[in-house]
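First comes one chain, alone, set out as structure tokens in the form predicted on its own.
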Amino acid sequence: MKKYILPILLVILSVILPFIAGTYLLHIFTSILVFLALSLSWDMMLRTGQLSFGTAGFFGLGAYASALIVVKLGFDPILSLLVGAIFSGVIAFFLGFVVLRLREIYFAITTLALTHVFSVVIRNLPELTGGSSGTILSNAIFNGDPIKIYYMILIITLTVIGISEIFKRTRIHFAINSIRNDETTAKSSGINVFKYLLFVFVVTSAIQGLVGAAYVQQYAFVNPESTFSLNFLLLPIAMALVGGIYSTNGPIIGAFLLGLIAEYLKLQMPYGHLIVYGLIIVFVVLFMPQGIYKPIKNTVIGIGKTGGDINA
């Protein structure tokens, strides 16, 4: 029961945050939750052993699907969030039959290329998407109310955390772990490797589309340059790596740590912060491959055991 006390307290704190924080701080935490959801979705795909660089691509697809269905068809903004998720998931489903035949660096490069392809397609459909200039919505969701927007993003993020925990605590966990460790052995054990890869690819892409849809409804504007930005790829990856991959808690820790750092970097280096994210990724991969979550966890467990011995 004790292990649930901290998560419960954090959820309570996140719920009451709008009542104790100012508008600027609330905006920062809303942004952190957006990147936290993206970081978890990236990590869930990584648990299969596949390194995806398509996060920004499916984020952008969801954003455009949500924006256009509101502007062109007059859909309710809240329903458009589901449209963004479904659209990204469907595109991922069909693309999965091709890209999931690839492995390692080939899969990574292909998913990165998809982001560029999506952006080029959007730019070349000006009558539908607004082309390079983008599309402006008549109004932000909830009329731009920062508290309601925060709660919307919070619900989405908590849902993503729940999905990540399901991935950890069901047979999906054992299947994708075995695929990551040894795909040949997994096949010989009766695991349908492609089915699980496709399932995780679709789910994580739908999450990215949902987050993209929420993001565009928050700001009431979408254009290729900002929506398919590497910011939505590099920062989520850095968060997961710093916190610790193959877990739920790792990206959460990394998101709050780097989220605050990212806000500072944007103020100091408006056009250079992406370079810092890249350097953080390189540093962590070289010197902290487990991130900071596992060392902290092991230290706490060690202290607990030592304390137990002393009391005995």
Partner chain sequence: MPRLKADKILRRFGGLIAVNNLSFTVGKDEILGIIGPNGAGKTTVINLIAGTLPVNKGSITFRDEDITKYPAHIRTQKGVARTFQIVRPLKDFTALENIMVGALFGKGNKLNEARKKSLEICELLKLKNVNKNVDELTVLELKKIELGRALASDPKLLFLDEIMAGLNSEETWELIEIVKGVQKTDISICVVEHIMKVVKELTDRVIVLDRGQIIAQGPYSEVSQQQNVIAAYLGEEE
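Residue numbers count along the first chain shown, from 1. Since the model is a prediction, treat every value here as computed from it, not as a measurement.
There is another form of this protein, the form predicted together with the partner chain, and it is not shown here; the text below is about that form.
query: Using heavy atoms and a 4.5 Å limit, would one call Leu100 a contact residue for the partner chain in the model of the complex?
result: Close contact is absent here: in the model of the complex, Leu100 is far from the partner chain, nothing within 4.5 Å, heavy atoms only.
field: 4.5 Å heavy atom contact, Ala206 to the partner chain in the model of the complex
entry: Residue-level check for Ala206: no, no contact with the partner chain.
query: Would Tyr196 show up as a contact with the partner chain in the model of the complex if we use heavy atoms at 4.5 Å?
result: Contact check for Tyr196: yes, within 4.5 Å of the partner chain in the model of the complex.
- prompt: Could you tell me if Ser178 has a non-hydrogen atom within 4.5 Å of the partner chain in the model of the complex?
  reply: Within the cut-off, so yes.
query: Out of the stretches listed (165 to 173, 76 to 84, 148 to 156, 216 to 224), which one is close to the partner chain in the model of the complex, meaning heavy atoms within 4.5 Å?
result: This holds for exactly one stretch, 165 to 173.
task: Could you spot which one of Ser138, Asn143, Ser132, Thr184 gets a heavy atom to within 4.5 Å of the partner chain in the model of the complex?
output: It is Thr184 that has a heavy atom within 4.5 Å of the partner.
message: Counting any non-hydrogen atom inside 4.5 Å, which residue from Val71, Ile191, Ile161, Val202 sits next to the partner chain in the model of the complex?
response: By the 4.5 Å heavy-atom cutoff, the listed residue in contact is Ile191.
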